[in-house]
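Have a look below at one chain only, the form predicted on its own, in structure tokens format.
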Amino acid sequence: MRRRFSPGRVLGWTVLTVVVVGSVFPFWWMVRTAITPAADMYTDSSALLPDNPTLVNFARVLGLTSEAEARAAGGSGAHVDFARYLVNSVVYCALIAGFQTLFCAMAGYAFARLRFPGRDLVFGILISALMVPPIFTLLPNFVFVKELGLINTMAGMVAPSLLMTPFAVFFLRQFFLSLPRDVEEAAILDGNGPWGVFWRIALPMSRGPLITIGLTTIVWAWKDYLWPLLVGRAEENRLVTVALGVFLQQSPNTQPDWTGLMAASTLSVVPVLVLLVFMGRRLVQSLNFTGSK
């Protein structure tokens, strides 16, 4: 009993509770605003639950109501082509996560196992790129994509992030260093070269870290806003995050459509939330650097 109610344990649980509540509460307030009627937005602003919850905000954001019905519900009449933007966002995230994870794995394995002149120097230069703020590369990337004629195309949107990131290369290199060399040497004796060892031995043993990099890349790409706003403003390539900004701009200047915006934001969070719920356990297990299932 003394150990159970020790001051350190109580303090730890208190801090953990505060952090969890502080992390979850903004999401809950977003959902709470999304199910609140526009007329009750300010009259019922202090309650944790609205007195008259409704799903009409989701319906009008998705364009399932007429403009007259949307305005009667307190909206501006604007809606989001959520299905198209969702597909664009999924394609955008899948391309970046898939190619970036593959190329980072190849680079990480090369830095961990292959010996070539200047390896450590090149790796040091690559890691030093972590200190460069992404905003510094925004303009050069934009000029490069523009010169290639890829503005308002999916290829131009994914081009700067398609190859690798310094952190992912470092993360996977550290894992490859922990792999037992005996297994790789046995594969070499069986006639496999570096490429065969990488594909047949290293990658299957690295599923956990690869899933970790893939999930973190998907989450990062899903919430990316500035670059898709600059390069993918066309309707056919617009992402969900950019669409939320367009939806807000369609609202009257005197009164933003907060309930509709929160409904659209909730819908944009659902796909990533579902992904993390189903893959979260694998993500936690992979952080142990065991390389097992």
Partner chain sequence: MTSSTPHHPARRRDDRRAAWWFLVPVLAGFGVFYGYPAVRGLWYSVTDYTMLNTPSFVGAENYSALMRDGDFWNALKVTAWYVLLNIGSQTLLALAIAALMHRLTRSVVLRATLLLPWLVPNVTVGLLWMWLLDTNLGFLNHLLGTVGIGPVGFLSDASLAMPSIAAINTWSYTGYTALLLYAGMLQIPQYLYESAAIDGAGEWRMFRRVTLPLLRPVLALVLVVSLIGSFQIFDTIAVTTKGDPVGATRAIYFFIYEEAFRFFHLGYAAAAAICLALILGVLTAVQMRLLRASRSDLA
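Residue numbers count along the first chain shown, from 1. Owing to the predicted nature of the structure, the values given are computational and were not obtained by experimental measurement. Think of the rigid core as the biggest set of C-alphas that the two forms share within 1.5 Å after superposition.
What comes next is about the form predicted in complex with the partner chain, which does not appear here.
For the options P180, P204, G98, P194, the residue carrying a heavy atom within 4.5 angstroms of the partner chain in the predicted bound form is P194. The partner chain in the predicted bound form comes within 4.5 Å of a heavy atom belonging to F103.
Within this chain, V169 lines the site of the partner chain in the predicted bound form, having a heavy atom no more than 4.5 Å away. The partner chain is not drawn, but in the predicted bound form it has a heavy atom within 4.5 Å of Q249.
For A107, a non-hydrogen atom is located within 4.5 Å of the partner chain in the predicted bound form, even though that partner is not displayed.
Heavy atoms of no residue among T54, F58 and I213 are located within 4.5 Å of the partner chain in the predicted bound form.
Residues of 12-36 lying near the partner chain in the predicted bound form, listed in sequence order, are G12, W13, V15, L16, V19, V20, G22, S23, V24, F25, P26, F27, W29, M30, T33, the criterion being any heavy atom within 4.5 Å.
Once both forms are fitted on their rigid core, the CA atom of L230 lies less than 2 Å apart between the shown form and the other one. In this overlay on the rigid core, L244 has a C-alpha that sits less than 2 Å away from its partner position between the shown form and the other one.
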